[in-house]
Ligand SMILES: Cc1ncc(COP(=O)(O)O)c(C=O)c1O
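Form predicted alone, single chain, as structure tokens, below.
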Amino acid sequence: MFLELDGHGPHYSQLTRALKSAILSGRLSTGARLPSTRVLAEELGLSRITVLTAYEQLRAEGYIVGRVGSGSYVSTSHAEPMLPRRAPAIPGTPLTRYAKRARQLADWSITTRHCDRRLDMQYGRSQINPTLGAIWGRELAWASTRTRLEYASNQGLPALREQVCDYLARRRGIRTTSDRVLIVSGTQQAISLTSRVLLDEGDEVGIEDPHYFGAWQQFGAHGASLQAIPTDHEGLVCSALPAQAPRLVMVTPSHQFPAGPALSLPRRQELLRYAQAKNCWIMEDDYDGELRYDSAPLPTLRSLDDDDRVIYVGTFSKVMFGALRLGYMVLPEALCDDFVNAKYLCDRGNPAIEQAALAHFMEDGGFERHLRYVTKELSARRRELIAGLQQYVGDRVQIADAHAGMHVTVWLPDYGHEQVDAVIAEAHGRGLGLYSIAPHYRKPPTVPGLILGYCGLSRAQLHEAMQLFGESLDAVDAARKPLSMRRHSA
């Protein structure tokens, strides 16, 4: 325990004042257990009788209480702790340009605004396998006895990188070697490292519009100049790419986030030709490429890349669970050393035990079994969601034609943005959390839309959620009617 004696008077008096100050300032909270007299005497270099005397004085004044066989505790009846005085702000304190830009970013709470609702359709969640907790516990126990308790390679455990190579070859058509794989803490760190390696302040980044606002934020905080490239039913509109190429183009070709379409094969080839001709890099975010329900996935950009210009990013956080915080990058040979250096400077590498557990889980076939379960369950939930939309909402929404991922995007062509905001508010009051697509656009889209995440709700809950969605639309529709029509209907 840290106690500073003031040097005035007998030691027991100094100790009494120091303990009293710690209690009144809140450093020792109500109910906190004090060290035994023997332990505190040894820590402070005092005699035990000195500590006993100080404790007796505090007990007499009501600051502490003794419990037989347990020890001494801070009393619940002493005066309220004094709040520490806030130090005055230092005028003119300089902030870095990075910190200033980060302060101006969009609201970080966009995806959690309805987390207190009973039926929250938050997108970006992972599909939780009810058996995965116990399985993962066993994998961690296995790994904890077989992993060296030292710093692991900042590039990632070789065993996990080998498993990633094997998985990508079988599932995503990507042939690579472990020396080209970098283990990261998810997609957000991949974007951050890419910004550090490739971008100086003012460098241009082409990014889909709409796109995951976390990517806008990450690049923007690093000082990049963002160029919004429109998307349509075939994904990124390559003809809209600027003649003066950006340093980097970021895309989600397997399942455009958040609108939904896959980048067509002709456009994939066109984008690769653009990168080669313009000498720029492509970042392929394959955040849920494994999750397709009625068709085989298109080849990844990385598998089509003959010029080694694609930085491929995948994550385990979506297909496993969010708390895992493990992802990977497949890097162009020319960038490998720079990315590994940037990763070292960032955090020295990801936790070794978790990496070892995941590598064993993949090698043992557990990951493939889990992936089959998740794909089957999400497909069923998606069907339930769409059936509910058709039953309770009808033609008031247009469902985006996407057969993949963990969310469904719906458009409301007969409603304005303010009316959709009213629908969201109405649903919130009924216990349903709905999320607008607008924050993912640089400018609000002409037609408002909603992103309906279905990972966090059971099939029965999704059916109920769509019923509440329909009721929320009914309420807003009723308010939209002219007063004369409402009187007539009444």
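Everything numeric in this text was worked out from a predicted model, so none of it was measured. The first residue of the sequence shown is number 1, and the count goes up from there.
The following text describes the form predicted together with the ligand, which does not appear among the structures shown.
| query | Contact between S317 and the ligand in the model of the complex at 4.5 Å, heavy atoms? | reply | Yes.
| request: Give a yes/no on whether R180 approaches the ligand to within 4.5 Å in the model of the complex, heavy atoms considered. | output: Judged by the heavy-atom cut-off of 4.5 Å, R180 is well away from the ligand in the model of the complex.
| task | State yes or no: in the model of the complex, is some non-hydrogen atom of S192 no more than 4.5 angstroms from a non-hydrogen atom of the ligand? | result | Looking in the model of the complex, residue contacts with the ligand do not include S192, since no heavy atom lies within 4.5 Å.
| Applying a 4.5 Å heavy atom distance criterion, does D285 contact the ligand in the model of the complex? | Close contact exists here: in the model of the complex, D285 approaches the ligand to within 4.5 Å, heavy atoms only.
| request: Consider the chain as shown here, without its partner, and state which of Y212, W411, W281, F367 has a heavy atom within 4.5 Å of the ligand in the model of the complex. | output: Contact residue from the list: Y212.
| message | Considering non-hydrogen atoms and a 4.5 Å limit, which listed residue (R325, H360, R113, R101) is close to the ligand in the model of the complex? | response | After the contact test, the surviving option is R325.
| field | Stretch in contact in the model of the complex with the ligand, which is absent here, among 182 to 190, 367 to 375, 130 to 138, 241 to 249 (heavy atoms within 4.5 Å) | value | That would be 182 to 190.
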